[in-house]
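The chain that follows stands alone, in the form predicted on its own, written as structure tokens.
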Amino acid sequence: MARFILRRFLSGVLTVLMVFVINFIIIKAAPGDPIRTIMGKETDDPVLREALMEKWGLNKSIPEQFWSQFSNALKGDLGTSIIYNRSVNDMINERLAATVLLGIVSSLLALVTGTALGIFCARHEGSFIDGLLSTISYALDAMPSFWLGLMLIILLSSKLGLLPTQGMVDARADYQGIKHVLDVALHLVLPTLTLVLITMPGYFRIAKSSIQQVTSEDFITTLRATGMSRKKIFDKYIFKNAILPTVTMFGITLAFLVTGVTLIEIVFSWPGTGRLTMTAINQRDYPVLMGIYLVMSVSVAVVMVLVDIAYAFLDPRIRYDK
């Protein structure tokens, strides 16, 4: 087991390194540069441009720029924002908690809801509820996340006035203690509901198909022939084997939600890293982009390694210790 974990850890490190190199190449190959953003479209002073290029190290060769960013990243220093002249570490730390909160809450709710509904429909295949939930699942899966978010804002906020439309807290109120927590929870409802509705169909279909597949296996038929109760067969054999694909799905979804909820954060003005990413892309803020992408890649690698380890505990057959 130790060798299995070590191999997964080394694989995660290699993945992060590859992503760092690829991101650096893509960012440098993209048109535009942050100096033009700083100087403005009306200013074209070559002396000023050269001074700014030298200040931010953009006049160095590409290999020198890469090594400078890479060596600083190894020390935990993600650099300084060219546009805001602030530490990238501080800018990401200010927004990371909001993104992680939204991602984890949405992932857990989608996991529990989608899996429970999938198991229910698998055990009641062909029923009216099965057909209804399957239809709703396909409909939700076809909806763009930003469109669904806007529709929920119109319905639950503009029309019914039940929930706030944007932000993480009420800017006009200075809540403290439990009131602050409740205020954040209230603002969390709409973006979380949107993400749950978008990601839940995946869990629903995987759980349903996995339960049906395991139920049709020969060893389940044999267990039924022995007179074992249906509840015991399901709890001890069907569920344990059918839940494995859901674990993988949860890891992928969690990594996606923690790193890829940009559109949702923009729609609901959620103060997370997604909005910061879009701003950095528009302004060609290279250090901020590299810092965010590095945090994203590390987050995805960590989640996938943990999922592999959890998978190994659930299914000992994949522990390749030889």
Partner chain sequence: MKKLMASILVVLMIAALAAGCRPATNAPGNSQNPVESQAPAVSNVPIEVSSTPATGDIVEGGTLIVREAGDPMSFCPSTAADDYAYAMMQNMFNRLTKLDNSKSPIPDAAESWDVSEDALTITFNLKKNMHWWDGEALDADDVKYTFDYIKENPTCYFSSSMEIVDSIEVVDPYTVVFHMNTADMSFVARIGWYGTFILPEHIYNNGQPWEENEASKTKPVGSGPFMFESYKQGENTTLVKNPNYHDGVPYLDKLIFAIIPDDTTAIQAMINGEVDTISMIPDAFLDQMLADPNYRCDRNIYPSPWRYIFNMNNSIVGDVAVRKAIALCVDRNDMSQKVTSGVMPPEWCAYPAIAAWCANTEDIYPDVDIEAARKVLEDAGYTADADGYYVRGITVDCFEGQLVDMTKLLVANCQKAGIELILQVSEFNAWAEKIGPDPSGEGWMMECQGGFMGPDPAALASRYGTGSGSNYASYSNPEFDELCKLGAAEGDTEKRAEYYRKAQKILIEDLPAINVLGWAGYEASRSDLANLPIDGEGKWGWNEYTFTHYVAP
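We call the rigid core whatever largest set of C-alpha positions still superposes within 1.5 Å between the two forms. Just so we're clear, the structure is a prediction, and the values are computed from it rather than from any experiment. Residue numbers count along the first chain shown, from 1.
In what follows, reference is made to the form predicted in complex with the partner chain, a form of this protein that is not presented.
Residues placing heavy atoms within 4.5 Å of the partner chain in the predicted complex fall in a single listed stretch, namely 50-58, out of 249-257, 63-71, 293-301, 50-58.
Residue Leu155 is the only one of Leu155, Leu182, Ile104, Ala97 with a heavy atom lying within 4.5 Å of the partner chain in the predicted complex. With the partner omitted from this view, the residue of Asp235, Glu125, Asp174, Glu217 that lies near the partner chain in the predicted complex is Asp174 [heavy atom within 4.5 Å]. Remark: Thr165 counts among the residues lining the partner chain in the predicted complex, judged by a heavy atom distance of 4.5 Å or less. Although the partner is absent here, Val267 is a contact residue: one of its heavy atoms lies within 4.5 angstroms of the partner chain in the predicted complex. Residue contact check for Arg224: none of its heavy atoms lie within 4.5 Å of the partner chain in the predicted complex. For the chain shown alone, Leu276 is a contact residue for the partner chain in the predicted complex, at least one non-hydrogen atom being within 4.5 angstroms.
Although the partner chain is not shown here, in the predicted complex the stretch 80-104 places heavy atoms of Ile83, Tyr84, Asn85, Arg86, Met91, Glu94, Arg95 within 4.5 Å of it, in sequence order. Relative to the superposed rigid core, the position of the CA of Ile26 differs between the shown form and the other one by less than 2 Å.
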